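Next up is one chain by itself, shown in C-alpha cells, the form predicted alone.
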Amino acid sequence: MKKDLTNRWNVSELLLSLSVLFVLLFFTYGIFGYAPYIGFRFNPPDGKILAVYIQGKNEPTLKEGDVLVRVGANSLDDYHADNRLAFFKGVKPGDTINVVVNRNGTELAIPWVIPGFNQLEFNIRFFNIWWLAYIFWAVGFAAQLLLRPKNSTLRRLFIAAFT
C-alpha cells in the first residue's frame, strides 16, 4: 500500500513539471503569435525608440533615438501609471496609429502603419533569451526523473528547488 502512495506522488510530481512546461509554451506563443509586430522596438521606461525594423512610407517617419510621447490616445505617463495599459493592444496589420514623438526637442505626429509580421522583427524575437527557460526546465525535469531522493520530504524539497 505504501508503494501506491509513492507512485501517486510520482504522478503528481510529473504533472507539476508538465504544468510548468505548459506555462512556458503559453508564454512562447505570446512572444511569437500574440504580441503584435509593430515595426519598431522601444525602451518602456523612457520611451526611447531603440530600433526601427520597417521604414514608414510617409514623411516624417520614426527614427532611432526618437522618444515616444503619445501612442494613439495614451501618453507615456499613462503607460507608466497603469501597468495594465498596452500601447498596441488589438492592432492589426495595416492599421494606422498616430504616434507622437519628441525628436531633438520638437514634437512630431507620425501616422504609423502597423506592418504586421516581418522577418527582421521575428529574428530579433527568435534569437533572444526565451529558450533559456526551456533549458532550465529540461535540466530540472531530468533531475526530477533521474536524481529522485527516496525520502518523501527530501524529494519534495528537491522538486521545489528545481521546478
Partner chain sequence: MGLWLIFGSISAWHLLEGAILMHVAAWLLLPVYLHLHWVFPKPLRLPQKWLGYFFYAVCLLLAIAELFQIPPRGLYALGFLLAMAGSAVLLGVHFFRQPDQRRDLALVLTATLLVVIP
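Residue numbers count along the first chain shown, from 1. Note that the coordinates shown come from a computational prediction; the quantities given were computed from them, not determined experimentally. Here, rigid core means the biggest group of C-alpha atoms that superpose within 1.5 Å across both forms.
One more form of this protein exists, namely the form predicted together with its partner chain; it is left out here, but the text below deals with it.
Interface residue remark: Pro115 is not counted as part of the site for its partner chain in the predicted complex, having no heavy atom within 4.5 Å. Although the partner is absent here, Leu50 lies well away from its partner chain in the predicted complex, with no heavy atom inside 4.5 Å. Of the heavy atoms in Phe122, none are within 4.5 Å of its partner chain in the predicted complex. For the chain shown alone, Thr28 is a contact residue for its partner chain in the predicted complex, at least one non-hydrogen atom being within 4.5 angstroms.
For the marked spot (Leu14, Lys92 and Phe127), a heavy atom within 4.5 Å of its partner chain in the predicted complex is absent from each of the three residues. Here the chain stands alone, but in the predicted complex its contact with its partner chain, taken as any heavy atom within 4.5 Å, falls in 32-40 among 92-100, 32-40, 107-115, 61-69. Taking its partner chain as it sits in the predicted complex, the stretch 82-113 comes within 4.5 angstroms of it through a non-hydrogen atom at Asp82, Asn83, Arg84, Leu85, Ala86, Lys89. After superposition on the rigid core, the Cα atom of Leu154 is displaced by 2 Å or more between this form and the one not shown.
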